[in-house]
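Before any questions on how it binds or moves, here is one chain, the form predicted on its own, in structure tokens.
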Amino acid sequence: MIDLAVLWFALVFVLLGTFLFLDGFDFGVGLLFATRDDEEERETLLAAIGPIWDGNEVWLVVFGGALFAVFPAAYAGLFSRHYLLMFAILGALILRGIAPELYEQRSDDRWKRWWGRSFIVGSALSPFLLGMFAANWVLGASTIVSVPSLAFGLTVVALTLVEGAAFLGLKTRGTLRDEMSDYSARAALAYLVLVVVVIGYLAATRSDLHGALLSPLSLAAVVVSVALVAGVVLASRADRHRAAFAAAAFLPYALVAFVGNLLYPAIDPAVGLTVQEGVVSDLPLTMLTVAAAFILPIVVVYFGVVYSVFSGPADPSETY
């Protein structure tokens, strides 16, 4: 008999990982926008994510909706304790969304410079603040800013940079592609260093997490992450861009597996609420499971069709 509460706990983190994968490379492209001075190269980066970024953000809504529907007490507690952080995340996501739209509206240098910087700031703040939120959730923190939350925020930023550079390895050509491969390899190593720093800090300061940190799933997630980082670096150096992107795509899933394992069996450790205590009753849980079994495959197929339509190198002449 499948434990639906545990199944949905895992599914919530799979949805979070999917958001970090899909919108993660959008954020990374926004960060790499800061490295470009040439207008044609900037247009190429915008054209690479123009048709898909807003669809990718849907997965954040799906993650929040699933948490609300299945674990409503945890949803209410998390969002009410960290509402200022949530407003900051929404502000960063809005800035990241409108900045490239407005960037394209005028050819004035000052206008483009302002909205280009806004795009970069929104792309950096969004994953950073989301990382802080995830750290506060897992560690049961009531404060917004702490050493582990800042470190985890930087870790998520590095992750999105890896994904963005690997994605642009598929969507660009020539010297621009070569530079993206270099950024991808460097960001992957930086991400691994930050993961080690976060784990080391938790091991040194949180004795209550030692069991979870040394559990087989946590160790497996770390080993897989190291292997994926090695895959990104080697594939990028060998100009095997599809392999580099495939390795980068699995990094967020390894990260959320590690985070979810630290959290379980709690769903809201700040108040001591467990997965079994926080889940909705049997009837709505069963109805949600049946609905998800039909809807999620359709959504996955839809995204597959969309990405196949917009596959191939980006053309800078295509407006954002």
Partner chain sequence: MLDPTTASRLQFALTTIVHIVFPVVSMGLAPFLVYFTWKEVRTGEAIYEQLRRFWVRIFAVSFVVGTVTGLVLEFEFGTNFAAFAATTGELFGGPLAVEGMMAFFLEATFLGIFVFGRERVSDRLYLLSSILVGLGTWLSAVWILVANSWMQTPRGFEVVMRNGNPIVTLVDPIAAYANPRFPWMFVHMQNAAVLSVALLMAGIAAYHIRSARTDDDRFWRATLKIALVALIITAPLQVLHGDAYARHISVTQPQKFAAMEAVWDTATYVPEYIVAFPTSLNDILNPRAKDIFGIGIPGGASWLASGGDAQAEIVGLNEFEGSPPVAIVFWSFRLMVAMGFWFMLLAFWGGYRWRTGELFEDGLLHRAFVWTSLLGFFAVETGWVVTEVGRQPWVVQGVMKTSAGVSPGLSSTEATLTLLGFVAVYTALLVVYVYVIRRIIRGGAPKIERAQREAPGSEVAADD
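Residue numbers count along the first chain shown, from 1. Every value quoted in this text rests on a predicted model; they were computed, and no experiment measured them.
Although it is not shown, the form predicted together with its partner chain is what the next lines describe.
In plain terms, the part of the chain that comes close to its partner chain in the model of the complex, with a heavy atom within 4.5 Å, is 103-111 out of 216-224, 155-163, 103-111, 193-201.
Among heavy atoms of residue 41, none comes within 4.5 Å of its partner chain in the model of the complex. The closest heavy atom approach of residue 296 to its partner chain in the model of the complex falls within 4.5 Å. Although the partner is absent here, residue 10 is not a contact residue: none of its heavy atoms lies within 4.5 angstroms of its partner chain in the model of the complex. Its partner chain in the model of the complex is not approached by residue 34, whose heavy atoms all lie more than 4.5 angstroms from it.
For the options 230, 145, 238, 76, the residue carrying a heavy atom within 4.5 angstroms of its partner chain in the model of the complex is 76. None of 58, 259, 270, 266 but one reaches within 4.5 angstroms of its partner chain in the model of the complex through a heavy atom, and that residue is 58. Contact annotation for 54-88: residues with any non-hydrogen atom within 4.5 angstroms of its partner chain in the model of the complex are 54, 55, 57, 58, 59, 60, 61, 62, 64, 65, 66, 68, 69, 72, 73, 75, 76, 79, 80, 83, 84, 86, 87, listed in sequence order.
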